[in-house]
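Each of two forms of one protein chain follows alone as structure tokens, named structure 1 and structure 2.
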Structure 1
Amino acid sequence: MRIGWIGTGVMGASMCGHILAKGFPVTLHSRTRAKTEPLVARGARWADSPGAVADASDVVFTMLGFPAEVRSVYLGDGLGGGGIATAARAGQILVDMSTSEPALAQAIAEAASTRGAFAVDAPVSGGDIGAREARLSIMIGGDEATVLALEPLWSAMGKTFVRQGGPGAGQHTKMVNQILIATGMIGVCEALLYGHAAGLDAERVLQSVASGAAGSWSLSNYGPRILAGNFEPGFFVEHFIKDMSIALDEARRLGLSLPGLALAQQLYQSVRALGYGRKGTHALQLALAAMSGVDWQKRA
């Protein structure tokens, strides 16, 4: 099985590396060629365009930043320039692992289907560490037999991989994941801000609350970093805003009112407005503290 890989950012480079390590032949392309060099040094072959990757591959993976890039790579530029879905070969499999729009995933699957090809949406959670350690959770939407055939590749990159349904179901599941994280993070940051203002010892508070009904992955993993004033990503605020915007667009399309998610998205707009777009998602603490006149990094 000849593998193609498009997009070798922080996540993509690790994920592609795991596939190389399993011995699959890999052809790759990325916007920034320098980022592919470590993978080329390990045996991957460079190609000059997404189309050239697809020409050389039976299964093409993409790991891109924003839905606009996904649309362009898969469906072309709208001016007649082809995309890898619109130009797919019969039997070819295209897997988008970016977090993107469910409706776009469905449109890509339809475009692939008219060529006799298969498109699968497979966004992930677990962040850069999960990618590096091959411990991602992969949320998969697509044709059942196709998803099954890719099992050696899912298991190369992830610890949990679940087919959630047809095209778009992977993206929808990722939205569920992001809604949970977004609103939960508000609770973590407000609780730590309250504890600080009330004069509590935060480490001792975590002893009381982290392992009970108030406990969460976010509290256990981001709580200590927030208290230490370490806001390095992790996961970029600006990517998280993209995800929440997709979720809110979908919610509107589905006729849903999600006030918690809407609040989270607005608060994260503030995080970006304050200059923390390239910090980690837990930088919400800085914006929430600023709203109350607290300089979190200079607190006593």
Structure 2
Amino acid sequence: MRIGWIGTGVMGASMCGHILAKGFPVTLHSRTRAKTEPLVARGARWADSPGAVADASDVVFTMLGFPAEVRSVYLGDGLGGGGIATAARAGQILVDMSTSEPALAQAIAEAASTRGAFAVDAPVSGGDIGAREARLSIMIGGDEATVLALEPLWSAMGKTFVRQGGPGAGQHTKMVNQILIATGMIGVCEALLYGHAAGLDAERVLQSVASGAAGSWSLSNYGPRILAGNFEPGFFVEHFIKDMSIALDEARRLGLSLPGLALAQQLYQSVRALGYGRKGTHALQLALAAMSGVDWQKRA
């Protein structure tokens, strides 16, 4: 299979790299060409537009930031080229691994099907660490036979890949994932803030609580970064706010009240307002500490 890849950000570059390492020929494009240079040095071929990527590929993957970008690349004038779904070839497979809107995933699948092509939505969880170590959880919506045909590619990027249903089901599952993370991160940050104020040795505290009933992926992976004052992104705050907005919109459509998620979104709005929109989601610690008059980066 000839593989196309569009979007080489914090996670996309690693994910594409794993596919390249498996020996698949890769043609790629990204808004910032410099980010693709390490992959080109390893044998990937640069293309000037998403359309050029699609022209050279049997399977095209995208890993983009916002639904507007996804819509542009698949259905509109995408970053200098036409929509790749509206111009797809019969038998071609398009895989969007961005976190986006379920309805948009369905629209892309419908557009592809009119061309005899197939579209799959396959958002992921695991952050930069999961992407680097090929340990992502991949949540997949799409035609069953198509999803099965892509198994060598799923296994190159992740340790868990589950088809959840038809088009849009992957995105709905990712919303479940983000709702779980949103309020969980509040607990992680508030607990560490409490431990600091109580004068505890934070590393010792983590030894006790991370292996007990309070343990979580976020605590184990982000807790040490928070304590070290390292708020570089595994996943951008601004992207998380986007995800929570999608989930809240879907909740309203479904007639659901999700007050915990609404609170989390408001807290993350304060993180962005403090200038940390391009930091990692664990930068919530900085906003919560500021509310209590604690300068987390300068704590004794």
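Numbers follow structure 1, counted from its first residue as 1. Because the structure is predicted, anything quoted here is derived from the model rather than measured. Think of the rigid core as the biggest set of C-alphas that the two forms share within 1.5 Å after superposition.
J.: Choose between structure 1 and structure 2: indicate the form predicted on its own.
T.: Pick structure 2; the other is not the form predicted on its own.
J.: Given a superposition on the rigid core, I'd like a yes or no on whether residue 222 shifts its C-alpha by 2 Å or more between structure 1 and structure 2.
T.: Shift of 2 Å or more: yes.
J.: If I superpose the two forms on their rigid core, does the C-alpha of residue 124 end up displaced by 2 Å or more between structure 1 and structure 2?
T.: Comparing the forms between structure 1 and structure 2, which are aligned on their rigid core, residue 124 does not shift its C-alpha by 2 Å or more.
J.: After a rigid core superposition, would you say the CA of residue 193 moves by 2 angstroms or more between structure 1 and structure 2, or not?
T.: True for residue 193: a C-alpha shift of 2 Å or more.
J.: After lining up the core, report the Cα displacement of residue 294 between structure 1 and structure 2 in Å, one decimal place.
T.: Between its two positions, the C-alpha of residue 294 lies 4.1 Å apart after core fitting.
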